[in-house]
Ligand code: BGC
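This document opens with one chain alone, in structure tokens, the form predicted alone.
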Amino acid sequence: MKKILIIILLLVAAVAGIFWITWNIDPVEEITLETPPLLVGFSLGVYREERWLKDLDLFNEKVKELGAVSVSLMTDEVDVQISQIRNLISQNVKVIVIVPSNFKKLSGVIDEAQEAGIKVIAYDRLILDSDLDLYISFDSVEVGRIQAQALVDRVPSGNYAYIGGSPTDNNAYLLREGSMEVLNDKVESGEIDIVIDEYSTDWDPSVAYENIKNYLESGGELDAVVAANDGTASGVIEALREFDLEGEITVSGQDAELAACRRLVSGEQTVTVYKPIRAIAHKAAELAVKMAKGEEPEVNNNINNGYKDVPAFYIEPIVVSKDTLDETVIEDRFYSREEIYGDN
């Protein structure tokens, strides 16, 4: 009997101990599965010009601010870009933003993205014959008009050269289309003679340099050069310098590169076209994140890419001359006054 009583007392003590332990242990925090990050891919297929890395940095900055994660890859070789886009597809991104290295050769991999349920945005370079969900850019035809009109306003007659962009970039054709809309009436009236009309492979300044140099060496005369961007303008001006013509011939450009803004100050370049990079990069990020969430993007235009009418969002370009640097690129803090003017 005594043994039974001892066993009962031990059982009671054990149960009491269990309850004491239960009530005195700190509660374990509830374990929850964290929501996976919203992934947005950015495939940069060109970075020869200084602006593109700035685009990418600003895009990534805004995506992070919006609470998403940007996965970015870059190359200037189309086969490598195709491989990199496939890499982004494998990472289960929701949207891929693409600056194409070649505007004709990405349709197949874009189909792969669409089959995986991934939205595709072409950024500032249209991709032809492809199932795009959105195109965001500046109106390249309008940029071409602005470039040509700025020169015609200053030099209404004479010998003009057209130095275009890369034949693998659809923007090069759109720019030329816009410029010719302005120039053709003057050509037909005989006021303007287009003495050079050449594209520049890969937007290479050395190609622009050779085209101008060869013409001048042959005894040709120039009054104005519509250069499709600031890179080709730099090649043009280098050739003009060898003939002591820098600052004597009006020259256009595009992108408001720092070197070009300095050339505006020195008088070597007449105008550039400022495309507010912060505006397009941030807007692209906003639209990409919105689409990644399954929401409809904001659009204000459309463009046919040979496959479909692609919804588009266009941002307004701005012509910049020496006289308007303060109210454009400096006011927007694209560059500081010190960066452009130095110690002057």
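Numbering starts at 1 and follows the sequence shown. Computed from a predicted structure; not experimentally measured.
This protein has a second form, the form predicted together with beta-D-glucopyranose, left out of what is shown; the following refers to that one.
- Considering beta-D-glucopyranose in the predicted complex, the lone stretch of 83-91, 236-244, 121-129, 209-217 in range is 121-129 [heavy atom distance within 4.5 Å].
- Taking non-hydrogen atoms only, F103 never approaches beta-D-glucopyranose to within 4.5 angstroms in the predicted complex.
- By the criterion of a heavy atom within 4.5 Å, S200 is excluded from the residues contacting beta-D-glucopyranose in the predicted complex.
- With a 4.5 Å cutoff on heavy atoms, N229 counts as touching beta-D-glucopyranose in the predicted complex.
- Looking at Y314, you'd find every heavy atom of it more than 4.5 angstroms from beta-D-glucopyranose in the predicted complex.
- The putative spot formed by E65, E286 and K290 is not touched by beta-D-glucopyranose in the predicted complex; no residue has a non-hydrogen atom within 4.5 angstroms of it.
- Taking beta-D-glucopyranose as positioned in the predicted complex, the residues of 165-196 that bring a heavy atom within 4.5 Å of it are, in sequence order, D169, N171.
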